[in-house]
Ligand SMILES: Cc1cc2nc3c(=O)[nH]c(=O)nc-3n(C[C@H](O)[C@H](O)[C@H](O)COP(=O)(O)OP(=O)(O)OC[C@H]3O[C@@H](n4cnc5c(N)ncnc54)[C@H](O)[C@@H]3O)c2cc1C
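This document opens with one chain alone, in structure tokens, the form predicted on its own.
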Amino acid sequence: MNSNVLVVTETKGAGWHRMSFEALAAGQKLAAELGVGCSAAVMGEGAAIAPLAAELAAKRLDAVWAVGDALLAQYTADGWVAALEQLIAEAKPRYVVFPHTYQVRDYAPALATRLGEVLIGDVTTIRVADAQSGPVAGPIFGRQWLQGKLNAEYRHGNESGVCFVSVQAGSFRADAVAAGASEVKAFAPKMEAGKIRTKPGEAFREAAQTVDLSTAAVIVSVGRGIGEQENLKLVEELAAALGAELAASRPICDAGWLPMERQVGSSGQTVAPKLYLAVGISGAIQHLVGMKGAKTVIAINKDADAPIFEVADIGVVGDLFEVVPALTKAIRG
């Protein structure tokens, strides 16, 4: 085997899909904890992916596979499955890690099935510390059920097969990817146009008409503690002072006080900002699922026992109607 972990990245237009480096961080973590190597693959038409492969080569990887062919210029499930099946036969990874995107959900189950395996999808945690314990050896992959109400753990049962894993948005931080230097390996799969049964259409646009909170560096999020819709002005002013995006928990959006595109949580957007300021949010598990990737969490709530304080780096126990205006004023100077 070359590298035991292979990360399959995803492009968007001429650049990266935002989740590619989250998947790369997960792959590096898995490889480091197992004490094995990690490589990455980028797919497309040869000349188009050359600069992207060079960018990946500046990361701590054993190798970067530039999987190029004219039939990969546009995404098709058949094309991606055929190319990756051949790459896996060449690279011989033990684990293949994907970002859990719409595209991956389209082709990865077919790829896993082609190889007689299953896909462990939407993984939020990877634990390797006790990889050899239990009846089945190997890393433990965690994912959530019932909108975050339950946590489930999985191990890959086939010790001689390939373990396919996709990671949930926001579960691993893109800025955790380690830098380094690696070799770019050109890989030309044998592609047959007749075996690609679909014609590429217009690319699916995720949340094309919504606010993309996943790219926000600072988010001010408001919960039912705000009381009434008229009081939203307080947090809007705070968000403006911070240059932040405004977000909300589900009750606020369900009430129609803010559009659904502003919702953070298991049934909304998953975010990973540098700063997440939770105002009047109790911290239900459904909301925590969506903001757990935040680097720093500040919570303002008058209930000292609110669950949000269990995940907050800084907690302010107080009346938001007093704290928020004072904070806004202090920021504005």
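Source: prediction; values computed, not measured. Whichever C-alpha set is largest while still superposing within 1.5 Å between the two forms counts as the rigid core. Just count from 1 along the sequence shown to find any residue number.
The following text describes the form predicted in complex with this ligand, which does not appear among the structures shown.
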Can you work out whether this ligand is within 4.5 angstroms of a heavy atom in all three of A306, G318 and F321 in the predicted bound form? yes
Counting any heavy atom within 4.5 Å as contact, can you tell me which stretch out of 284 to 292, 61 to 69, 47 to 55, 26 to 34 lines this ligand in the predicted bound form? 284 to 292
Hey, in the predicted bound form, is S171 touching this ligand, heavy atoms inside 4.5 Å? no
Might R224 be said to contact this ligand in the predicted bound form, defining contact as any heavy atom within 4.5 Å? yes
Would you please decide whether R250 lies within 4.5 angstroms of this ligand in the predicted bound form, comparing each non-hydrogen atom pair? yes
Does the 4.5 Å heavy atom contact test between K92 and this ligand in the predicted bound form come out positive? no
With this ligand left out of view, choose which of R127, R155, R114, R105 has a non-hydrogen atom within 4.5 angstroms of it in the predicted bound form. R105
With the partner left out here, which residues of 260 to 288 have a non-hydrogen atom within 4.5 Å of this ligand in the predicted bound form? Q263, V264, G265, S266, S267, G268, G280, I281, S282, G283, A284, Q286, H287
C-alpha of L56 off by 2 Å or more between this form and the one not shown on rigid core: no
Look at R94 and decide if its Cα position differs by 2 Å or more between this form and the one not shown after superposing on the rigid core. no
Honestly, after the rigid core fit, is C163 moving at least 2 Å at Cα between this form and the one not shown? no
Distance trend in the predicted bound form - C-alpha atoms of Q168 and Q286, change of 3 Å or more: closer
Just say closer or farther for the C-alpha distance from S267 to S20 in the predicted bound form, relative to the shown form; it changes by 3 Å or more. closer
